[in-house]
Structure formats: structure tokens, C-alpha cells
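Presented as C-alpha cells, the chain that follows is alone, the form predicted alone.
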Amino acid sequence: MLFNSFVFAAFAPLAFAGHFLLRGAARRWWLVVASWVFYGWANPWYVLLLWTSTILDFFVGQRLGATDDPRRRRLWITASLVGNLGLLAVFKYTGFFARAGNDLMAALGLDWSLPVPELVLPVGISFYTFQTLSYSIDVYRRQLEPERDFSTFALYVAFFPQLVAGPIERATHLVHQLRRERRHLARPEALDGLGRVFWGLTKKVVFADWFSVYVEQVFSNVHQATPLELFLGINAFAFQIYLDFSAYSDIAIGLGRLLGVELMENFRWPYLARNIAEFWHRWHISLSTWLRDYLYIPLGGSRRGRWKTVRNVLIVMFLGGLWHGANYTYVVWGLWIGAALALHRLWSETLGKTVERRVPAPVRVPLAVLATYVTMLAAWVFFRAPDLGSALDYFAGFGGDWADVTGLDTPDARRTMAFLAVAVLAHLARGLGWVRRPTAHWPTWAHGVFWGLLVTAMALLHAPVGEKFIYFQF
């Protein structure tokens, strides 16, 4: 399968040759075709959907730029919304809504049901759909001039480093970089780009994939697991999903840098957040800012009073949960975070400032970080569980015997605890600035030694089975 971490990184040289040898539209088309081949390798039919979104939004952008008639402009942006979200709904949500309808009929005691289609979800459709939509909306809002060159726009939609799992880039940030000609790769960009790729691969195959082994064991045997096993399992998943997704972002950013393109940072040490709002500003930043700019603010944001602000938060996070997957668990995950955000806002407006004045920072800050982390641990139970019943069983398991340590005396549990300790310490050290990433000021040989150590670690410590990146399913 093409979509594994090593092949993903190794694909870059195929694009590099044309990128640095060709000029103008030929260079862009080389990257576009390479990106299409990359995306369609697992299933060539996926490319048809990518082409549909690309052609639709390029044409909509041209039409929006050609008219000042408000009615026609609304018509064209509606065409973009219906076309893109319609494709997403068909492939991602048809089965979910059919099952939801059947559940409703069963709850009402009606002997009637809809057929539930089993459609294959195209990889990354949620990511590039939001990316193309942001372009059309920005042109509609007159925040961006429509792109006249189709090869540039097609490359914006299909740029392979971030195509299948983000970051979700804005045209205002990415398009002008894709137009820029690059005759050579500067040493700082090369060293930093390679460093990000190697570091991302290490996070994925050494840590995230090993965590997935233990997480699967725990979530598939919830009823037999002790409370300590359940606690270790959900902590392992918290760092699995963080390291897995941030690893992809690191690889994407590194490959982009090697191509002379700066992609946005997608994570900023989220488990050091002091409240849930700060966590959401540090986690999957490209999605959280997208939801803010294209959903929360248009709904009214926080400008229309306290309770409408709470309503807007819940709507946005409900849709954010649904964006992640067509399952009740993702909906509850989104609503859980939405409720936490609403409670945090109410707290900030009432007792928050009083507590901040009266409780010293050395006490207040660690407690706030811990409370935020525990809130997210509960949210991750819903995110990882296959269904709501399993999630509730997971929570119920914490009512068992916390003195029972027998479940932790296994090789997988001990390895998970060791790797989790390293991950937590690294998160603290990097997030608090105690340790900084290698920089381009290092001599080249030092970078080579560091990368060699990472490759050695991957060779010696990698998990027995490589897992797909978690966010490929979205």
C-alpha cells in the first residue's frame, strides 16, 4: 500500500526532479500530475472526485470574479457549497443518516427501515473539500482575487505533502508560494525539511504505532480490563493520536519545505493547554481556525450575547465532530468539547478572574493543565470507542478495583508505560522550551548523526505492524 509513512516520504524525490528542473506551468503541471498519481495509487477512482472539486471551484472562482451582481454571486457560492458538501455527504454520511433514520424508526416502534449503503470513503476527502471551499468563500467575500491559472489552482488543491490529512491550507497563504520559481534548495530549508521528515517518521513508527498495539488490546477487551489498564489505555491513545497526527503534519511540513513551500503549523504542544479553549487553539490548528472563520464567526461568534455564543459553540463543535466521522461517537465527542468550551466561557465571565487573583500561578496553572488534560481524556474515549455502548462500558470500567495491578505486569503494558513516560517528558521539555529542535546552525555532519540515530531507532524500535495514519479515515 502506498499510504504508509516511509513510502509517503520516499515519494518526494519523484516530484523534486521536475520541480527544480522545469519552469513555469510545466513545473506546476509536473507537481499536479505527480500529486494525482500519488493520490490515486490506492484507488484511481478517487482522482475523479478530486478533479470534480478542482474544476468546480476554479470555475466558481472565475464566475465570482466576473460579476458584481449580489444575486449571481450568491448563486455561484451556493453552487460551490452544494457541490462540495454534496459529494462529502454522499460518500461520508449517506450510511450514517440511513442508520440514524433506522434507529429513530426503531425507537418509535415502526417496522420500517432504509437500506444502508456501504460506500468506500475516499482518503482525505474531508481535508481537500474544506480547502477548496475556503478558496471559493474567500473569493466570494472579496478577500482573495480568483486564480486565473488552472495549473496553479489544481496544485493548490492537490499539493501532495498535505493532500490527504492536512494541514488545511488557505489559498491566501499557499497559492502565491506555488507560483514561485525555485532554482535551488537553500541549506537551511533542506536541513530543516529533512529534520522534520525524520522526526515525524520517528514519532509515527516508534511511538504512535506501538501505542496503537496496546490501545487496541484495551479497547477490544474493556470488560476484562482493570481500571489501571483502562487508565493506561486511554492515556496511550491520547498520545497515540497526537503523535500520529502531528507526525503526519511534521512530514508534510518537512516535504513542503524541501519544495520551497511553508505550510502552516498544525500543533503547538496541546497537552500543556491551561483550558479547553487554549487546547483547541493548539490542536489541529488548521481545522480549528477553519471552523472559526467559516462557521463560528458567520453564526455570530460571541457578538450576540452569552447564550447565543454558547449555542454557536455547540453548533460548531457538533459539526466539527461530524466532520471527523459518520458515527454517534464523533458527534458526542464534538458536543463534549463544545459543552466544555461553553462552560469555560461561562466560568471565565463569572468566577475565573476571582480565582486567578486569589490562587497563585504555581498552584493554579498545573491544576488547570491537569483539568484540561482529564477533560480531553474523557473526550478521547468517545473518539476511540467503536460505538456509544462501548464508550459507556469504558467509563463504567473505572468503577472497578483500582488496587488490581495484575494487568500492568505484561510486556505490552510495561513497554507502553516506558514509551508513554518518554512521550510525556518530551512533550513537557519541548512545550516548556527546555529542549529545542535541532536548527540549521548545526554543522551538516551533526544533522547527519542525528538523522542516523533516528533511523536506527526506527529500525530497532518500530512496531511489528505499521498502521495507517489515523486521520486518513477522515
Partner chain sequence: MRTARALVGAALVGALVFLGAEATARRVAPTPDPSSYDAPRNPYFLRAWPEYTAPRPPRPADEERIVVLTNSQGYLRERADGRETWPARLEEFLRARGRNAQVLNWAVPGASGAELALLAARAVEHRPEVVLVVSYSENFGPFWRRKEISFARSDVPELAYLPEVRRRLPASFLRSVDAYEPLGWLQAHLTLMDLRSRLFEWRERWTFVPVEPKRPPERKLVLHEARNFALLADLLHPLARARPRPRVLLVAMPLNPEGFEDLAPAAAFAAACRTWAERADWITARDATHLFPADVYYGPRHFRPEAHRAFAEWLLPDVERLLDER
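Keep in mind the model is a prediction, meaning the values are calculated, not measured. Numbering follows the first chain given and starts at 1.
What comes next is about the form predicted in complex with the partner chain, which does not appear here.
Enquirer: Quick one: is residue 448 in contact with the partner chain in the model of the complex, heavy atoms, 4.5 Å cut-off?
Expert: Yes, contact at 4.5 Å.
Enquirer: Could you confirm whether residue 461 comes within 4.5 Å of the partner chain in the model of the complex, counting heavy atoms only?
Expert: Yes.
Enquirer: Although the partner isn't part of this model, could you tell me whether residue 331 comes within 4.5 Å of the partner chain in the model of the complex, counting any heavy atom of the residue?
Expert: Outside the cut-off, so no.
Enquirer: Taking the partner chain as it sits in the model of the complex, is residue 313 in contact with it (heavy atom to heavy atom, 4.5 Å or less)?
Expert: Outside the cut-off, so no.
Enquirer: Can you confirm whether 42, 44 and 427, the three residues that make up this candidate site, all sit within 4.5 Å of the partner chain in the model of the complex, judged by heavy atoms?
Expert: No residue of the spot touches the partner chain in the model of the complex.
Enquirer: Looking at 355, 194, 335, 79, which is the one with a non-hydrogen atom within 4.5 Å of the partner chain in the model of the complex?
Expert: Answer to the contact question: 194.
Enquirer: Sort through 58, 419, 36, 30 and report the residue having a heavy atom within 4.5 Å of the partner chain in the model of the complex.
Expert: Of 58, 419, 36, 30, the residue with a heavy atom within 4.5 Å of the partner chain in the model of the complex is 419.
Enquirer: Within 4.5 Å of the partner chain in the model of the complex, counting heavy atoms only, one of 22-30, 65-73, 410-418, 44-52 shows up; tell me which.
Expert: Only one stretch qualifies here: 410-418.
Enquirer: Taking heavy atoms and a 4.5 Å limit, what residues of 185-203 are near the partner chain in the model of the complex?
Expert: Result: 185, 186, 187, 190, 191, 194.
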